[in-house]
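Presented below, as structure tokens, is a lone chain in the form predicted on its own.
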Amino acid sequence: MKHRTSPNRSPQSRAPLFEALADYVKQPKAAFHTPGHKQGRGIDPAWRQLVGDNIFRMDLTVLPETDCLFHPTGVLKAAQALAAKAYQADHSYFLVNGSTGGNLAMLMGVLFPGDKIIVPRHTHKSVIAGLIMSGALPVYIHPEINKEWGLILNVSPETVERSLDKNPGARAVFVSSPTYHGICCDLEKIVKLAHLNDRVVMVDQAHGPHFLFHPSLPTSAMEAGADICVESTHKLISGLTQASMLHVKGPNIDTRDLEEVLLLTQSTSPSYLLMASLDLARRQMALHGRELLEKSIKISVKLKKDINAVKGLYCLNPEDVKPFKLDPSKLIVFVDKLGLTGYQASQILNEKYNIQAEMADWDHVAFIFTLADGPAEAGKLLAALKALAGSCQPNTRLKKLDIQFPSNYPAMSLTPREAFFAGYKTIPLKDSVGEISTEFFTVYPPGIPVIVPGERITKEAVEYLRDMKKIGAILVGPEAGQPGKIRVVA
């Protein structure tokens, strides 16, 4: 079915893929194709009773009416073109493997084995995975750290500039902005510095899919002139979990190379439910993003002030992270003055007050406040935090724990790829200091590697992992919990 846009109707009001799926499920088709549940008829009845039938009817595969993600000529091509227009990109690609898949595609689609790339050491583990797969050589740069709060901030333009001067052969600069905590670097300055030196700029903007749609939010990667960026549409706006987008702008990215890599890194059975959610999330933000964000930002800013009026609590303010910017969607609430770890506070909030936080750390709990939240949600969170604070003894500050995220990174002994494929021996993590790791250890969330392949393991890293596990952190690494062993280069 063809859809026409009236002269007075914005093209962004269309959702071509969603419209095609909605049209298709109304037709009396006999399905002799995947998926095997055949538009829900084979689904467990309990699930169908819980969610209804239509969601399963729209779980389709590549058909003439639904188009093909890897050779789009119809509704998917139109949907991705609308996304590019909305996000100020030249090309946009739907991702069904999350921003992890986008990071892999960016690195493998731009870099060749042996290419140097300037990359923050505090970046997500998927970026290191992309270095392993591409064979590129990382030149690690280190973020600024707020010692008062023990928070990793972000990389400064000055740090990037120094690395560019020291590494004239580097092909690209990679930046993660915002961080998991919503802290953003000065992308415009970094992009200008990199482009003056003829470097490609890649941005992991997984936590910033909303930035472009409100003027008070930090500058988005495409606005700043980055060449390529990935965004998790599911994290802060209305895509389904695992739904992300990859945006390209300017002449520095060979889109044919990139598309070849997307063929390698994405499922050949992409979910049409995920892709339809991308189509609709783009439409929602293009048409109503500013007004939706205006409401949520105002409520979030007020909520932050209200939290800071509660004795024993402190919610991170923009002034605390200067000269970096702070996304108001992220509420970072320190609870150490209550005598609680963030893990303890998160557990109490969940079990006693039905508040589910985004993440916890040793001294704080993080909450995300999005366009889906309003005064009722803000009131419920504030009431729970007040009750939590009121239930604790005043002035029983948590004993200062010396468990700052280790920042004394050693020099790289092997490239991530060399270490990952090296011969190895398996030893207890506690005995691994000085050895070269062949694998990752992270605390999740946020998934920043404490140990990465190719680095010598430090005493501080081992102690940090040990201490974080003691206070309830989730360690992600092979045999992380039992009995705590690690593979190192033999």
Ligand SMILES: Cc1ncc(COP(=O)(O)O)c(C=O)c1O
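These numbers come from a predicted model, not from an experiment. All residue numbers refer to positions in the sequence shown, first residue = 1.
The form predicted in complex with the named molecule exists for this protein as well; it is not shown, and the discussion that follows is about that form.
Undergrad: Suppose contact means a heavy atom within 4.5 Å; in the predicted bound form, does that hold for all of Ser92, His247 and Ser277 with the named molecule?
TA: Looking in the predicted bound form, the three residues Ser92, His247 and Ser277 all stay beyond 4.5 Å of the named molecule (heavy atoms).
Undergrad: Considering non-hydrogen atoms and a 4.5 Å limit, which listed residue (Ser271, Thr100, Thr265, Asn167) is close to the named molecule in the predicted bound form?
TA: Of Ser271, Thr100, Thr265, Asn167, the residue with a heavy atom within 4.5 Å of the named molecule in the predicted bound form is Thr100.
Undergrad: Of the options Arg121, His214, His234, Arg417, which one has a non-hydrogen atom that comes within 4.5 Å of the named molecule in the predicted bound form?
TA: Exactly one listed residue reaches within 4.5 Å, namely His234.
Undergrad: Against the named molecule in the predicted bound form, would Ala83 count as a contact residue? Criterion: heavy atoms within 4.5 Å.
TA: Looking in the predicted bound form, residue contacts with the named molecule do not include Ala83, since no heavy atom lies within 4.5 Å.
Undergrad: Could you confirm whether His364 comes within 4.5 Å of the named molecule in the predicted bound form, counting heavy atoms only?
TA: Contact with the named molecule, no.
Undergrad: Look up in the predicted bound form whether Asp327 has a non-hydrogen atom within 4.5 angstroms of the named molecule, and give yes or no.
TA: Outside the cut-off, so no.
Undergrad: Mark Asp227 yes when one of its heavy atoms lies within 4.5 Å of a heavy atom of the named molecule in the predicted bound form, and no otherwise.
TA: No, no contact at 4.5 Å.
Undergrad: Determine which one of 438-446, 41-49, 27-35, 58-66 lies within 4.5 Å of the named molecule in the predicted bound form, judging by heavy atom distances; exactly one does.
TA: Among the listed stretches, the partner-contacting one is 438-446.
Undergrad: Would you mind checking 125-153 for residues with a heavy atom within 4.5 Å of the named molecule in the predicted bound form?
TA: The stretch 125-153, when checked against the named molecule in the predicted bound form, contributes only Ser126 at the 4.5 Å heavy-atom cut-off.
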